[in-house]
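First, one chain by itself in structure tokens, the form predicted alone.
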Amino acid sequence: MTSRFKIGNLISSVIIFLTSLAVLLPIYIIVTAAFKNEVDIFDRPIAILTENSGLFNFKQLEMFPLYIWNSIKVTFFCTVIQLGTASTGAYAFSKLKWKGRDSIFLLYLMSMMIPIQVIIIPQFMIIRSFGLYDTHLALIMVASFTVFGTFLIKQFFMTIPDSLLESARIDGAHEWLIYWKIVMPLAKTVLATVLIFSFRWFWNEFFSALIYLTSPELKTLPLGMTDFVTEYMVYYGPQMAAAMISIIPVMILFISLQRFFIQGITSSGIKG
């Protein structure tokens, strides 16, 4: 029995190691390629440094401070608005009783099955009719709601006892006060989880930026990486340098909120 246990642990350790290696290897290649020239990126992809290594790729990122600022601005507003709409929607779907609530929530969930490419044309027409084309507000408007975030927060809200809210109502508290003073302080873990998901999504968002932005000074970081793709050549070195920079904020955010992220995922799956 002990031998089987040791063999099982060994197999598990090997699987975890290989999985970790598969996840970390692309990041390693991005980081090392950021300091290599175009030839060494392909000839010596695994080497940490070469005799030609340097900071020359980063020197080609003159416009990227502006792109980073644009990404920070768009990501911040999209994330904050999504946290607001997702939490209020989740509260209405989980703690308020009204006719057709469950049916509407089911339809809301079904919208997750619709690919963005299906609705992009009518969405584009609406944005253009409002005069928002080629503005950051267009990206913010189309990202105001998150079905997944609403679902995740709703699952957590369902674990909060209704008796706690009823006690507050008996004491004269209105729904907004209950939502803000009682429910939201209890939901820090799941809100951190949704924050991580939303931040990562909008920080890396490319498709919507490609559709709605045309002015070079409005480009976000993912869209700015296309500056190094020409008709005849792709400059991988500067792209890897930009990708390396783009990874840093996401890693910092995840490491800072990792504890809340794990707790939020666990607690949101307790009740269905």
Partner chain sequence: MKKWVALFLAASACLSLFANGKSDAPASSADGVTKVDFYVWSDGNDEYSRFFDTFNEQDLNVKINPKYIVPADYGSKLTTLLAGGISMDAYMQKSQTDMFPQYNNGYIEPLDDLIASHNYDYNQVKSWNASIAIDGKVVALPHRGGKYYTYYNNKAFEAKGVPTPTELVEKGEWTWDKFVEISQMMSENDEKTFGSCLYTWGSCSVYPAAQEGMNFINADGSLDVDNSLLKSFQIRKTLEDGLDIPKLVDLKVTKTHYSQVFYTGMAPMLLIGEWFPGTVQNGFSKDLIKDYTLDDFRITRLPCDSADYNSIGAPTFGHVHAKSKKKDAAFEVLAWMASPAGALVEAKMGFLPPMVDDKVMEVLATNVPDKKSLEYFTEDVPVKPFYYTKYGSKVEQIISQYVEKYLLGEIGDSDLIPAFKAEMQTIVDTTN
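Residue numbers count along the first chain shown, from 1. Only a predicted model underlies this, so the values are computations on that prediction, with no experimental measurement involved.
The same protein has a further form, the form predicted in complex with the partner chain, not shown here; the description that follows concerns it.
Chemist: Answer with yes or no whether residue 66 is in contact with the partner chain in the predicted bound form, where contact means some heavy atom within 4.5 Å.
Modeler: So residue 66 does not count as contacting the partner chain.
Chemist: Does residue 53 make contact with the partner chain in the predicted bound form, using a 4.5 Å heavy atom cut-off?
Modeler: So residue 53 does not count as contacting the partner chain.
Chemist: Residue-level question: is residue 167 within 4.5 Å of the partner chain in the predicted bound form, judged on heavy atoms?
Modeler: Answer no; every heavy atom of residue 167 is more than 4.5 Å from the partner chain in the predicted bound form.
Chemist: Please determine whether residue 61 contacts the partner chain in the predicted bound form, using a 4.5 Å cut-off between heavy atoms.
Modeler: Outside the cut-off, so no.
Chemist: Residue by residue through 133-165, tell me which have a non-hydrogen atom within 4.5 angstroms of the partner chain in the predicted bound form.
Modeler: The stretch 133-165, when checked against the partner chain in the predicted bound form, contributes 133, 134, 135, 136, 137, 140 at the 4.5 Å heavy-atom cut-off.
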